[in-house]
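Single chain ahead, written as structure tokens, the form predicted on its own.
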Amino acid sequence: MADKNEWGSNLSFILAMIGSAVGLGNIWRYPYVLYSNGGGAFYIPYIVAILLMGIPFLILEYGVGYNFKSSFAKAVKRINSKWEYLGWFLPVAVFMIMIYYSAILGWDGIYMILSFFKGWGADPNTYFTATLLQSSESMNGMFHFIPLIAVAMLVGWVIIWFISHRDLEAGLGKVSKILVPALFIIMVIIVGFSLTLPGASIGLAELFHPDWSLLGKFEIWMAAFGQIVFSLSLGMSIAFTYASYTKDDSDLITNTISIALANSLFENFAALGVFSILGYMSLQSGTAVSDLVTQGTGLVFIVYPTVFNVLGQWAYVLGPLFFLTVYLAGLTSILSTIEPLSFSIQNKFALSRKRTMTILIIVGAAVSMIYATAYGSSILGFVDTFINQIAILFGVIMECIIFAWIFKADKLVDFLNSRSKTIKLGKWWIVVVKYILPIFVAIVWIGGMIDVIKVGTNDQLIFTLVSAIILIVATLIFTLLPAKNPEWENADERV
């Protein structure tokens, strides 16, 4: 029996895409970006970035994906066979994200259990870095294996396999209908409680205090565009793949607006909760909010446990809820990162969805064990920087060129407009995806590479080079291997 790579309903598609977009970055990255880039003033470049890049680029990815109804690699080959390499480059890069995301998911799974009895102790910082991660600044730390983290990661991989290896609607579609609403409901509870804490207003005043002088600075605009690329998973071939699974009557423009709006509401709502809690912590400790603000793992695994330590009995409710939210957000995102590579392999090598997913998850789980070492958190930071600041942004630029110029995005306008119940595309959209988008993303990309070269340590440059070699070689292998599917050279088009 053939695999059913099709959403059972439009709702499944929308919720799965929201689940992909709403991830760890919304909870631990966006509040810091908002705060450190002018507070309330940041909303001007943020809204411009959504309207100018987020929505137009998603429409482009959705439109081309829906047009070909095939995997990313197959569609790129169909557009121009010389570009097949890029068709594999992005799915492989996104799969590399999945591998290190599994480590963060594992850490959070451990904290979800610890939160029931504040198992991180009186000093969350020491517990996280020294006790749990056993962090080493030496590469020799790669030879120090941490079984607890490995087990927590493997639990995550089993959950991912259990969902992913099923037919699309029976697995990912069904789970998205449960996890995404649950994620929003739990976040509402957490934020609602956070707003009632003494000192919440201190944190919110710090967050939204606008610094209008920053609007004239190039950095704040680049931060906004970078956030939208990161937050909406632009250029990762995920949106393309999900759109290729949609039914024939999908209104992709309206869906795009719904997804971008839901993602924006979630991350701004999360920011309310984060800064309410930081305000409470500032009041209790006498430390300025500016000294407490951090992003990434420090916020989730150090600042929050520190808050829960002084929160009293409510911490035993709020703590597990918070870490469950982070776990669900990580899970809904990580489930999307395997789809582009899986579907491309199914298309080229005539493998079933079940077999493809099983192989990829076994490979991913095995490789991810490098993050279950004392040097794992350092490697994670290096690989994350390379993938997000260099590889993915390069992919976005190339996608714009291939989809907007070689495929000719103009062909999609009438086709998409005929199904849209909201806005209609016009020449403005063509100008954005052909000219404005590639130029803006190229500037952000160059800035990211300069940043890595200027501030990167020798270890970071070594792992950046190793990651690049792995990405290039894996992509070459998939490109050069002969196709086993006779349909690989053919792709139906709708326009």
Ligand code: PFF
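Owing to the predicted nature of the structure, the values given are computational and were not obtained by experimental measurement. Don't overthink the numbering: it's just position in the shown sequence, from 1.
In what follows, reference is made to the form predicted together with 4-fluoro-L-phenylalanine, a form of this protein that is not presented.
- Residue 71 falls outside the set of residues with a heavy atom inside 4.5 Å of 4-fluoro-L-phenylalanine in the predicted complex.
- For residue 325, no non-hydrogen atom is located within 4.5 Å of 4-fluoro-L-phenylalanine in the predicted complex, even though that partner is not displayed.
- Though the partner is left out of this view, residue 101 does reach within 4.5 Å of 4-fluoro-L-phenylalanine in the predicted complex, counting heavy atoms only.
- Among heavy atoms of residue 231, some come within 4.5 Å of 4-fluoro-L-phenylalanine in the predicted complex.
- Taking 97, 133, 400, 272 one by one, only a single residue has any non-hydrogen atom within 4.5 Å of 4-fluoro-L-phenylalanine in the predicted complex, and it is 97.
- Just one of 336, 389, 378, 176 comes within 4.5 Å of 4-fluoro-L-phenylalanine in the predicted complex, counting any heavy atom, and that one is 336.
- Only one of 20-28, 468-476, 5-13, 482-490 lies within 4.5 Å of 4-fluoro-L-phenylalanine in the predicted complex by heavy atoms, and it is 20-28.
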